[in-house]
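The chain below stands alone and is given as structure tokens, in the form predicted alone.
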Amino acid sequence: MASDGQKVVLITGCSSGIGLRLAVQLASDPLKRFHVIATMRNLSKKGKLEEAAGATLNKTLHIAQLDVCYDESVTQCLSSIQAGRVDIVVNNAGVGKIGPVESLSIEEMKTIFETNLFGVVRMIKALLPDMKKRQSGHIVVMSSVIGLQGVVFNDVYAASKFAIEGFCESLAVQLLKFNIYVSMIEPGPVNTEFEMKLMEEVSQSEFPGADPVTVQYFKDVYLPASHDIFMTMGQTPDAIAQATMKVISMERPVFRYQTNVLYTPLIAMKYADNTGNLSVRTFYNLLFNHGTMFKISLTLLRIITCNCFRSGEISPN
């Protein structure tokens, strides 16, 4: 139960990774500004969160079941909250998918959109009436730089993030009328157990339906390059949680917050050329024609950053 003056923060996808770390950081706030409702689809996976929560468990942090893919689950969770009030919602639950698009079924693609797009929309629709009535609220969405710049072999995942970016960018305008803010947190690569497991699984997959050349490029070119990118530019879940907490604490929250400054020039390159050729051909050449230059560039970045991004010492500011 939230005390007077505390903001009720509901976070989805808290069984691990960014959601878990954000829930713990907010609940551990020295000023006790937040009452956190950390939700997850499967409560059998709450052990890690309970351990990380420590003394905050059942005080400033409560765990609840919530599956963003089902209306009934959303309704049941929100009805269990005191007065149904949620001041801040962090839409963190998400799923990823990589690989040749020919090997993905339409049903698999729909599953990605059901969580990454419609799951967020479902939460927002459920919370908006009360937020509008109270003329107050903050909707935070865990997006990605892939929602701004497509990445090879991430076609469907990028599409789901592009979709939620467009939805929220449109929604943010009208919600200012009700004093409700929308914020998109846009990390680059994040080193989580989920990401590592996903990479391991796809490296052993056969990808039926895709031609041998495409599968070869995916396994022999993309996966090693992706591994190098994560090793060089990957941030920790704690760093993303800190950035999100910073946005949540703003008096007038920003709409976009990119957590990794190394990605800003790459995003800018896309919008600098209205033909789209600059970014598409640059990424193509780096990946397929100039692999040596690509590796040298990453090595230089690794030396320059000195692991600061993984320790969270470098911020977007």
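Sequential numbering from 1, following the sequence displayed. As the structure is a computational prediction, the values presented were derived from the model and not from experiment.
Beyond what is shown, the protein has a form predicted together with a small molecule; the following relates to that form.
Screening 173-181, 141-149, 127-135, 211-219 for residues having heavy atoms within 4.5 Å of the small molecule in the predicted bound form returns a single hit, 141-149. In the predicted bound form, the small molecule lies farther than 4.5 Å from every heavy atom of Val254.
Using a 4.5 Å cutoff between non-hydrogen atoms, Ala23 does not count as a contact of the small molecule in the predicted bound form.
Although the partner is absent from this view, Ala93 contacts the small molecule in the predicted bound form, with a non-hydrogen atom inside 4.5 angstroms.
In the predicted bound form, the small molecule stays beyond 4.5 Å of every heavy atom belonging to Glu108.
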